[in-house]
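Single chain ahead, by itself, as structure tokens, in the form predicted alone.
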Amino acid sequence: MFGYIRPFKPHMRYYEYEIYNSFYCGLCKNLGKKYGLLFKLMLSYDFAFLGILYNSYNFKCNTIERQRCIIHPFKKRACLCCTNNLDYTSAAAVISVYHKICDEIQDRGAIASLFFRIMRRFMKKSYIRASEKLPSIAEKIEHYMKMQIKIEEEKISSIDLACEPTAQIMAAIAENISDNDNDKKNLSQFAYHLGRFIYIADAYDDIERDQKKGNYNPLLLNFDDISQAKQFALQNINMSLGEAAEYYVKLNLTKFRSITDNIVYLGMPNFRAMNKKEIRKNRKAKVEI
């Protein structure tokens, strides 16, 4: 996915970051064990959050221990031992990543998409395996990705229509976290508005590149001036985050509330500060204290 659902680390307590990191590392190990190394390399913050959300609703063992891995061979890091708790998250991640690769192929020319075509070939078996575990979610994601392709081909200018497939995909994944009808409704609506936020934030970040390369971006179809387009995007992002927060407070979270609070109230609203370009810029900047 996109990686916009992340914590705001400066405001996390040490033990909270350790717990968050244990889910991220546990998910990485689960993906590698059940779906292959390729999917480990495409792990995003979005699914670490999904793993925490799922485990907050489902009472399971969440033992953490320090382990080594390929990425961190010399220093042990906190890792969730009961990685089977992340089976749902891993399957959803594999299905989503596979369709993201298909979308990249659609967006690029024959030569530029060659790398992604090769990746898709290697991912196919794992995608089928994940789809067998979550058939209804796989079907919905495929449907909405086809809708996304149609929107891009027809160059739909409506921001709301452009956001809809991503919002619906997020809703479909989140609503199955709980079997309770009321919980399903709140999870679905919460994730729907997260999906809107993700799509618009991605369009915001990519607007200069999309303008240069002539890629589809609904913001460019509504505004000639990039600064006006970005201002409009930020207004919509704030609205989507506000709507998401309204449903978030209704969620029946049993664990990890301080971590999810950090992500919802600090991490996502500060997505610009955590943009890779901004991080590099801020490291070079002088700070007065």
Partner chain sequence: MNDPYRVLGVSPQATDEEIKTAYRNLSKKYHPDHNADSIMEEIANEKMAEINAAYDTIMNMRRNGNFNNANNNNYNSYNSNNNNNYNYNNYNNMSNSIYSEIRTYIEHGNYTAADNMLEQNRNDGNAEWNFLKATICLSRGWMNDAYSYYEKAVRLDPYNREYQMAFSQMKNKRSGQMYGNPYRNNNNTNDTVNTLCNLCQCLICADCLCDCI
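Computed from a prediction, not measured in an experiment: that's the story for all the values here. Positions refer to the first chain, counted from 1.
What comes next is about the form predicted in complex with its partner chain, which does not appear here.
238 is the sole member of 227, 238, 63, 252 with a non-hydrogen atom within 4.5 Å of its partner chain in the predicted bound form. Between the options 245, 41, 221, 69, the residue in contact with its partner chain in the predicted bound form by a heavy atom within 4.5 angstroms is 245.
Its partner chain is not drawn, but in the predicted bound form it has no heavy atom within 4.5 Å of residue 197. For the chain shown alone, residue 205 is not a contact residue for its partner chain in the predicted bound form, no non-hydrogen atom being within 4.5 angstroms. In the predicted bound form, at least one heavy atom of residue 159 sits within 4.5 Å of its partner chain. Taking the partner from the other structure, its partner chain in the predicted bound form has a heavy atom within 4.5 Å of a heavy atom of residue 266.
Heavy atoms within 4.5 Å of its partner chain in the predicted bound form are found in exactly one of 96-104, 159-167, 74-82, 132-140, that being 159-167. Proximity of 185, 232 and 262 to its partner chain in the predicted bound form is complete: all three residues have a non-hydrogen atom within 4.5 angstroms.
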